[in-house]
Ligand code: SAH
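First, one chain by itself in structure tokens, the form predicted on its own.
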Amino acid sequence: MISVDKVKPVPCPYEKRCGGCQLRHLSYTEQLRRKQGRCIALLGPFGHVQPILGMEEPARYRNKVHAAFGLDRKRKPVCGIYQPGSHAIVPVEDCLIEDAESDAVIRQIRDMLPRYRIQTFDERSGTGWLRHVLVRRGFATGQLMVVLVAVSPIFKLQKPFLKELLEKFPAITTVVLNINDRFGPVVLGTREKVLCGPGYIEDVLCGKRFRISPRSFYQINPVQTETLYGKAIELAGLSGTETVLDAYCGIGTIGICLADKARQVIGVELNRDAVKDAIGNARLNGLKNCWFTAGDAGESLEAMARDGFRPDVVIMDPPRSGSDERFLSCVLKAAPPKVIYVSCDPETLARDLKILTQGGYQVRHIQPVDMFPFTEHVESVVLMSRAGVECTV
């Protein structure tokens, strides 16, 4: 296990070509100081920014590992990540921020390819079969999912290949073949074939169990996700009588984690596959006060307002691009007493906070959380309330 020195930068042999860890040249202490400064510069005008919550052990935190496959100059299979701005593969044996066992699975698959006559895909000639390998791991359960991304569903020598892989890694509980025969930057295609196991793995987050399928959105860093969600739930200050709207709910993680503290949770998400996962996850945890629906969160808020109903708390966790003006205007019209904004980009968060504060909300608490050590990214959770609403934080 690689221990991260919080005082000295931890060297990486792929740093110059990879580009994934923009802050690898800094010690972890300096990284946190830099992220804190960025949050203060962008969010400070709205209120006091709490000290950033970092990790005790900021290494091997990624539970989702993706490797592109190709050929080197000697026509031998290689795996790694794309160099920034190109499709040239940087061969990576072991990444300091990725789960070590997942990396080992990918190396094993690479080494097995010649013996099973499996060709990696060549974009220039359009020949070959295997394009990518995706490995997801449940940190709490230890379960591993392997997703082979190929150009066709025909998998010769499938049985002996899987037999060897599963014998080598007993933690693998499912293997899925994903078919992607299109050119472009999208890794996963829309067709899938389960080769063994149930087609999903399970993990535990904040005491709740979640099923994760190949295309499910699930937070990359489960350790810090518990910190982030725990802070969001704390700031919501639920007493058990509230109706919570979980906007941009994904597979329902935040809503399900706080469901025990609310009267009811209504989750809204555009992605229908994610909504199916959310419904299944609520059922998996025996929750009867959660409802998830596919649709636009802003339209749902408008419909609630027309019916004379408003949620007590809105929790929003939009993509990196932030929320859209329509949804924010719907929040201002519905005027829920509290809004919890979970953000993965302080720049778009600052933009959206300006709209909400101009519309009558007051920022009560700003808490940065380091979800992605060694990168520039920083998440934040912000509590806002209408004037006159009591908030104890």
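Each residue number is its position in the shown sequence, starting from 1. Small disclaimer: the values here were computed from a predicted structure and weren't measured.
Missing here is the form predicted together with this ligand; even so, the following discussion is about that form.
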Residue 319 near this ligand in the model of the complex, any heavy atom under 4.5 Å?
yes
Give a yes/no on whether residue 269 approaches this ligand to within 4.5 Å in the model of the complex, heavy atoms considered.
yes
In the model of the complex, does residue 295 come within 4.5 Å of this ligand, counting heavy atoms only?
yes
I'd like to know whether residue 250 contacts this ligand in the model of the complex, with contact meaning heavy atoms within 4.5 angstroms.
yes
Check all three, 341, 361 and 381, heavy atom within 4.5 Å of this ligand in the model of the complex
no
Assert contact residue (this ligand, in the model of the complex, non-hydrogen atom within 4.5 Å, options 116, 217, 291, 139) equals 217
One residue of 161, 121, 229, 200 in contact with this ligand, assessed in the model of the complex (non-hydrogen atom, 4.5 angstroms):
229
Can you check 68-76, 241-249, 281-289, 189-197 and let me know which stretch has heavy atoms within 4.5 Å of this ligand in the model of the complex?
241-249
